[in-house]
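Before any questions on how it binds or moves, here is one chain, the form predicted on its own, in structure tokens.
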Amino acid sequence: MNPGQEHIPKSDAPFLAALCILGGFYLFMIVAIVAADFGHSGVGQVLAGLRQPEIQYSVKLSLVSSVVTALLSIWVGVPIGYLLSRFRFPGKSVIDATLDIPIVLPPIVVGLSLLILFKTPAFRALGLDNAFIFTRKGVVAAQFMVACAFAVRIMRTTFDDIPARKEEIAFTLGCSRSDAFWRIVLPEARNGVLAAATVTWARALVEFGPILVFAGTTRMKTEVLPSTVFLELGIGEIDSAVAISLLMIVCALAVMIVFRMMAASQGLRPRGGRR
């Protein structure tokens, strides 16, 4: 550059255009598949499909099992998330990584592993094989094994974002660790708890692989919404399968909107973030 010549920055337009094209393509595909589902089946077909007894049963079982799974996931996820956030102990990194296994494993492998576990002599001696394998309890167990990992991650992030100094001040005022947790930390984490419950409920609602292997897809017994789509496709009932798919899309969209509203109000950040 010659002396006295001003530096003229290059235009960012090509770079931004490339980003928009790549991102826009994927966004277009998402909108397109949802629009295709809505275009394939009208409201009448969706309502007709939902009037079938088998589909009504799968809707009820899915809603009930997802609620139970969400409650169990919160019950387990809150203490694990708190321990990982507040304490240092030997093997913490290994435990932290182990808790991610249900997230990174193919869901069908989780179901197969559950099946093998419940067929071991110890579990058979306790009668747990007959109580869970190919039963409604097995549906909840399969959903829980995957969904709880998401609750742990959300709660870990939530507790990381709550300054530990608040507890330290409580300790100086005579509070025990449990008192500080129940009176200070948990109320502060309420939005995170709601977000974890929402995500685990949504994850449980769409879970299929572990349920297929561990609980089966028996109609009017262990059939949930994803199983219904699978079974309806198997007998060539495309309209019924699309009707259930649309119901799941609406539920997923509503849940994610609620979750993002909760996350925004809580200020959830990536794991390890601090305020």
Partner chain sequence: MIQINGLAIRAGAFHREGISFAVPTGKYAILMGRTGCGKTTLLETICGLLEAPAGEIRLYGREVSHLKPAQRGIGYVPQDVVLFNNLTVAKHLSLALEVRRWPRKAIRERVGEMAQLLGIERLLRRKPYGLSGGEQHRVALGRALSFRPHVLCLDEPLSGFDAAIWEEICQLLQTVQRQTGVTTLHVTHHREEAERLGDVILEMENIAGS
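Positions refer to the first chain, counted from 1. Predicted, not measured: the structure shown is a model, and the values here were computed from it.
What follows is about the form predicted together with the partner chain, which we do not show.
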Just to confirm, Pro79 within 4.5 Å of the partner chain in the predicted complex by heavy atoms? no
Any of the heavy atoms of Val104 lying within 4.5 Å of the partner chain in the predicted complex? no
Just checking whether Phe171 would be counted as a contact of the partner chain in the predicted complex - the rule being heavy atoms within 4.5 angstroms. yes
Ile184 near the partner chain in the predicted complex, any heavy atom under 4.5 Å? yes
Contacting member of Ala131, Cys175, Ile95, Leu71, with respect to the partner chain in the predicted complex [4.5 Å, heavy atom]: Cys175
Note: exactly one of Arg136, Arg86, Lys119, Lys166 sits with a heavy atom within 4.5 Å of the partner chain in the predicted complex, namely Lys166
Assert contact_stretch over 176-184, 71-79, 96-104, 192-200 against the partner chain in the predicted complex, heavy atom within 4.5 Å, equals 176-184
